[in-house]
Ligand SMILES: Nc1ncnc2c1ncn2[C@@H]1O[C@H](COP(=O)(O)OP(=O)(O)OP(=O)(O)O)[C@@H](O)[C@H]1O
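So this first bit is one chain, no partners, the form predicted on its own, shown in structure tokens.
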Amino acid sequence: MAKTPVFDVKDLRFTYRKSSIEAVAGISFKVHEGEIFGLLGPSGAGKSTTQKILTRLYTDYQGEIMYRGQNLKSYDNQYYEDIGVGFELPVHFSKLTGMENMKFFSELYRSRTEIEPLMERVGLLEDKDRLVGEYSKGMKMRLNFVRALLNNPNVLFLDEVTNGLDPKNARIIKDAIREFKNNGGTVFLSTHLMNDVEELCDRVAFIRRGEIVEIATPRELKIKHGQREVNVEYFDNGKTKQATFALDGIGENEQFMALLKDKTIETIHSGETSMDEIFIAVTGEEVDA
């Protein structure tokens, strides 16, 4: 018997009051328990609006959202005990320390977790008594992630969670997200960083002009949009040369087999396309910087 989805969204629509154009134009999708679900699209496509609806910041929408089998509109403030939200732009009190900020926000919840282990997890424990106004952008982003976990949530909403982080600290956050998932948590992720998508997401939905144009796993997308070919770089007569072979029947391709046997191979790559290229192909727009 199939499990009830964490979110079951049907024909979701939303129009801002001063606009005649739907920001979200009848989208439908499901998010399953223990899944990292990515919502991708260019700026203005409806990603942030969708997140704000699912986190109940906007309630005057049309369509139906079921959360764990119950209409989202029927939940009271207890819903916020179940979710954690990492906003794109960190909002903290700059004249309080990192620890003071986290203690303040923690008091908003009935269920709370230990703060210091979370700060240690993201490399901020030594800076817990510094004023947040003295934090770098990357430190504020990591503190923002801690804030999303203060109530020990079952669902995380994350928007550009690694934006502005160096590779080392981005890795810490991504490892923590995977750990959250492995412990049964569900993640709704919005980002322009396609490497994050490829590393983290189980499924992704591309949204364009308020409409979902494709939902699939990253692997399915790469197979669909990639080329079924193999590119080989090899060393021959003092020079690096390149050859391309069809992937189908490659084990019986005599020229390919001879190349492997007789030449010094430098690189071999399949015709797999990048998530950046898939983003452009599906949405028709460049990935925002």
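Quick note: we count residues from 1 along the sequence shown, nothing fancier. As the structure is a prediction and not an experimental result, all values here were calculated from the model.
Only in words, not in the display: the form predicted in complex with the ligand, which the text now covers.
Trainee: So which of 211, 88, 198, 82 reaches within 4.5 angstroms of the ligand in the predicted complex, heavy atom to heavy atom?
Mentor: The residue from 211, 88, 198, 82 that makes the contact is 88.
Trainee: Of 28, 55, 253, 48, which one comes within 4.5 Å of the ligand in the predicted complex, counting heavy atoms only?
Mentor: Exactly one residue meets the criterion: 48.
Trainee: From the candidate stretches 37 to 45, 240 to 248, 253 to 261, 59 to 67, select the single one in contact with the ligand in the predicted complex, where contact means a heavy atom within 4.5 Å.
Mentor: Residues of 37 to 45 come within 4.5 Å of the partner.
Trainee: Would you please decide whether residue 192 lies within 4.5 angstroms of the ligand in the predicted complex, comparing each non-hydrogen atom pair?
Mentor: Residue 192 belongs to the contact set for the ligand.
Trainee: Going by a heavy atom distance of 4.5 Å, is residue 23 a contact of the ligand in the predicted complex?
Mentor: Taking the distances in the predicted complex, the answer for residue 23 is yes, it comes within 4.5 Å of the ligand.
Trainee: Would residue 160 sit within 4.5 Å of the ligand in the predicted complex, counting heavy atoms only?
Mentor: Looking in the predicted complex, residue contacts with the ligand include residue 160, since a heavy atom lies within 4.5 Å.
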